[in-house]
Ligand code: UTP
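Okay, here we've got a single chain as structure tokens, the form predicted alone, with questions on binding and movement later.
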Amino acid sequence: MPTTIKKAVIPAAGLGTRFLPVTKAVSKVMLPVLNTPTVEFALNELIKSGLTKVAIVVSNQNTDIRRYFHGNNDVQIEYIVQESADGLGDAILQTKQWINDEPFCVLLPDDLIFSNKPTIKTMIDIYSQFNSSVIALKQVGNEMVPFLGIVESYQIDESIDQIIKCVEKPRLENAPSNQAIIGRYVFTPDIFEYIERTKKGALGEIQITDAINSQADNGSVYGYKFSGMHFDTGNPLGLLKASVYLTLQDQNESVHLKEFIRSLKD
């Protein structure tokens, strides 16, 4: 069945400070898991989910992303410039005119998920069921809570929650749960109204978590507790772990990697 959503957004204008000095010359989303940039994993998930139009939000410095996808005929790509790094909420807001009052998806390349069915496809199915925004959720350890968007919710079934409240980067003692928002979103178009009303929050940026919290207050937002292997490739160790995981899925290459790791113990 054709997807009820046709447009998606990939925010890719981040500065990538955790990867300095390489990000002086290379966009963070162009850093590879093995030989594939994280932004291509993001685009492939959208294509497999039936999305036909994608806006990649870039800065004026992200010319390597444009070169990489030049001549790609699998999907229509629009490049939208975010003039200053004012947060994820601001990056999404730049696409308002292009979205043109339609429901849409947002996929963050930093969050790489390996699963049998694309996570964003399942979230589109949930959107079709409830006609409401949907965010991806993952249970995280206490040490990660102060670095993520955290939700309070109540369970509807094994994999779906309804969101009550969202808090961006809370202190552990103030966090409503250990359920964290991971970089997959399906939004109803009124999210732009909530972003426009959102003041700068954590890190002095416009946080999409704050806009989602307002949307949950005034309507309904659902959470999807996704399955599969998730890696935060927005930091060097996460990028390395994703590469190791992918190598171990290859029967031929995994033998050599395991032998190398065992040799390090000698």
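Remember, predicted model here, so these are calculated numbers, not experimental data. From 1 onward, residues are counted along the sequence shown.
Another form, the form predicted in complex with this ligand, is not on view; read the next lines as being about it.
Site test, 103, 188 and 216 vs this ligand in the predicted bound form, non-hydrogen atom cutoff 4.5 Å:
Heavy-atom distance to this ligand in the predicted bound form: none of the three under 4.5 Å.
Heavy atom within 4.5 Å of this ligand in the predicted bound form: which of 126, 144, 175, 85?
Selected option: 85.
So which of 151, 91, 134, 120 reaches within 4.5 angstroms of this ligand in the predicted bound form, heavy atom to heavy atom?
Answer to the contact question: 91.
Stretch in contact in the predicted bound form with this ligand, which is absent here, among 189-197, 104-112, 158-166, 135-143 (heavy atoms within 4.5 Å):
Careful reading of the contacts points to 104-112.
This ligand contact at residue 12 in the predicted bound form, heavy atom, 4.5 Å:
Judged by the heavy-atom cut-off of 4.5 Å, residue 12 is in contact with this ligand in the predicted bound form.
Considering non-hydrogen atoms and a 4.5 Å limit, does this ligand approach residue 28 in the predicted bound form?
Result yes; residue 28 sits at the interface with this ligand in the predicted bound form.
Considering only heavy atoms, tell me if residue 17 and this ligand come within 4.5 Å of each other in the predicted bound form.
Result yes; residue 17 sits at the interface with this ligand in the predicted bound form.
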